[in-house]
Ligand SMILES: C[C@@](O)(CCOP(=O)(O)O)CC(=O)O
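Next up is one chain by itself, shown in structure tokens, the form predicted on its own.
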């Protein structure tokens, strides 16, 4: 039997940077997924194989070697998530160093650490073939690592004794609330291996889907009633998130009163976003009016983000280009490059979107459409394998 799990990426709709200082942010899932498939092998084949399809890397470890290095894990603890110690990180590094990891892709090594640790912690020492593919660009602020950890944790738990799933069910199915929470907790531990001190927002959005409000460490799930679509443009400009956050904090120290006003304004935008998307559209006119309000909020939010120093020339190129088509845009995530959101109203034609994508492509940007606020992690079973 083969188990497949998929988990969505995420975007920040409003409140980035302000959330670092205790203000509200609104995040949403998008219908672009990372997919993990796991097929357990017979005990005769003493290997764990990991195939990273999108980057063309394959890894293989003997179960015997994993046991030697990670002997303290061994007995699965799938129902009680624990944290990975620094000593275990060193052991994981030993296993990864034994593989031929290209120097140009060494930044992805932490993802392999997370795989080995989650796999061994949840399933123990079982041979298997594991494949992963993703529609999410890496390092673009769309929650690719969270979707990786969530889909991996879900697939592993589906093969463990910690969750009870109907394996005869056809197509995609979902976890119940308590099982999804277990997936989320394991995924958060995986995120810690990759990022050190993640907020927990990305993995929560990826696990539960839809929309989440986040403030001072407290997450509130929001049910969106609006069928929103966004054009997501990846500028492919790398950014240093830590440096951007530090620069905003420094500006706040230099101009406390002005920055307080800006951050309060950003929080007001976040609150209005969550109110609007929860409203039920009574007709097309009402929906159109709400889309126009959201567009205005995006423009205001972007202006405030520009004022705190996190925009970038590449982002401004996207804004100016989308403005030609009378469409509202804003950066999402840390800024300084990364991705930009453009709201696509329901009345917009495919021809217009195509022209916009083509024009943005002339800058070397990559654009793709995504639905907002969809389902979280899902699982499926294939008995033919």
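Numbering follows the first chain given and starts at 1. Just so we're on the same page, rigid core means the largest C-alpha set that superposes within 1.5 Å between forms. Computed from a prediction, not measured in an experiment: that's the story for all the values here.
Beyond what is shown, the protein has a form predicted in complex with this ligand; the following relates to that form.
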message: Three or more ligand atoms within 2.4 Å of the backbone or C-beta would mean blocked. So with this ligand superimposed as it binds in the model of the complex, which is it here, open or blocked?
response: open
- prompt: So which of 295, 81, 198, 124 reaches within 4.5 angstroms of this ligand in the model of the complex, heavy atom to heavy atom?
  reply: 198
In the model of the complex, the residue from 348, 334, 357, 63 that sits within 4.5 Å of this ligand by heavy atoms: 334
message: If contact means a heavy atom within 4.5 Å, which one of 253 to 261, 170 to 178, 200 to 208, 218 to 226 is the stretch that engages this ligand in the model of the complex?
response: 200 to 208
message: So, residue 85 and this ligand: in the model of the complex, are they within 4.5 Å at any heavy atom pair?
response: no
message: Residue-level contact is defined here as any heavy atom of the residue lying within 4.5 Å of this ligand in the model of the complex; does residue 239 satisfy this criterion?
response: yes
query: Can you check whether residue 120 is within 4.5 Å of this ligand in the model of the complex, heavy atom basis?
result: no
message: Under a 4.5 Å heavy atom criterion, is residue 184 part of the interface with this ligand in the model of the complex?
response: no
query: Going by this ligand in the model of the complex, which residues of 16 to 34 come within 4.5 Å of it through any heavy atom?
result: 16, 17, 19, 20
- request: Inspect the rigid-core superposition and answer whether the C-alpha of residue 215 shifts by 2 angstroms or more between this form and the one not shown.
  value: yes
- prompt: On a core-based superposition, does residue 364 travel 2 Å or more at its Cα between this form and the one not shown?
  reply: no
- request: Determine whether the C-alpha of residue 377 shifts by 2 Å or more between this form and the one not shown once the rigid core is superposed.
  value: no
